[in-house]
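Below, in structure tokens: the form predicted on its own, a single chain.
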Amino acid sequence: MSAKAVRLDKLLANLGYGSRREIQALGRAGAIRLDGEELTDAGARIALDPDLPSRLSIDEEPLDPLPGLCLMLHKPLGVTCSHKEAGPLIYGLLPERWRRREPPLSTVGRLDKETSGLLLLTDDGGLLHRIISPKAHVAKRYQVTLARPLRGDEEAALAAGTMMLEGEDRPLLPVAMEMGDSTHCAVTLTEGRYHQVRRMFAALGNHVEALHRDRVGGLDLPADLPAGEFRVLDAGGVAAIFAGG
């Protein structure tokens, strides 16, 4: 099956390179090249082949990833996923042009301002809903630092599937817990209720001092991805999200 073809100016506008008029000017100026040859007609139709970003350049820079983008971001502390809160946003960690993409990049779920770690973003609505759907059972693992030493009964309490959080009328699904030292543990959830980890440990009489997500499904946050940096996922990386739990 041949790749879908679109007008070049529409594609570049949707990727945030500017208005169609601005992109047409780039073409006339010789700034757009396909396979090394100037592409002066920005109204030309071009096939959306997977290798297009390696073949098409704008101002001698490779084309940005095509629609269907999924990336993992190492979210630092103090940055918010919500447009409604004050302060720096995670979108400010992305290239400025990417903030004008259409369809826009959206977070796959959220991490609160004081939680760090693996955050997924995509412009693919179908993929987003596949990941967050309860039917997918995509697990998420968090590294937890607690204010007070663990008593020893927390693992059984979380695994029972009977814990009720304040203000809710149905129990949590079972949560897997791995003990670390006296004030550290890892928990793996298959649901994502509001501030769930913090509220779970509050219900157990403790307080979460630090929270870091290091795995979503079978996708681990790479040790060599610094806080504030991101990496585009290839097909294997996306598949890994659904491969673990």
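On a predicted model such as this, the values are computed, not experimentally measured, just so you know. Just count from 1 along the sequence shown to find any residue number.
Beyond the structure shown, there is the form predicted together with a small molecule, which is absent from this document and is the topic of what follows.
Contact check for Tyr142, Gln196 and Leu211 against the small molecule in the predicted bound form, heavy atom at 4.5 Å
So, yes: the whole triplet contacts the small molecule.
What stretch, of 64 to 72, 34 to 42, 197 to 205, 178 to 186, brings heavy atoms to within 4.5 Å of the small molecule in the predicted bound form?
Careful reading of the contacts points to 197 to 205.
Selected contact from Leu111, Val138, Leu158, Leu121, since only one has a non-hydrogen atom within 4.5 angstroms of the small molecule in the predicted bound form
By the 4.5 Å heavy-atom cutoff, the listed residue in contact is Leu111.
Would you check, heavy atoms only and a 4.5 Å threshold, whether Ser106 touches the small molecule in the predicted bound form?
No, no contact at 4.5 Å.
Tell me, yes or no, whether Thr115 is in contact with the small molecule in the predicted bound form, where a contact means a heavy atom of each within 4.5 Å.
Yes.
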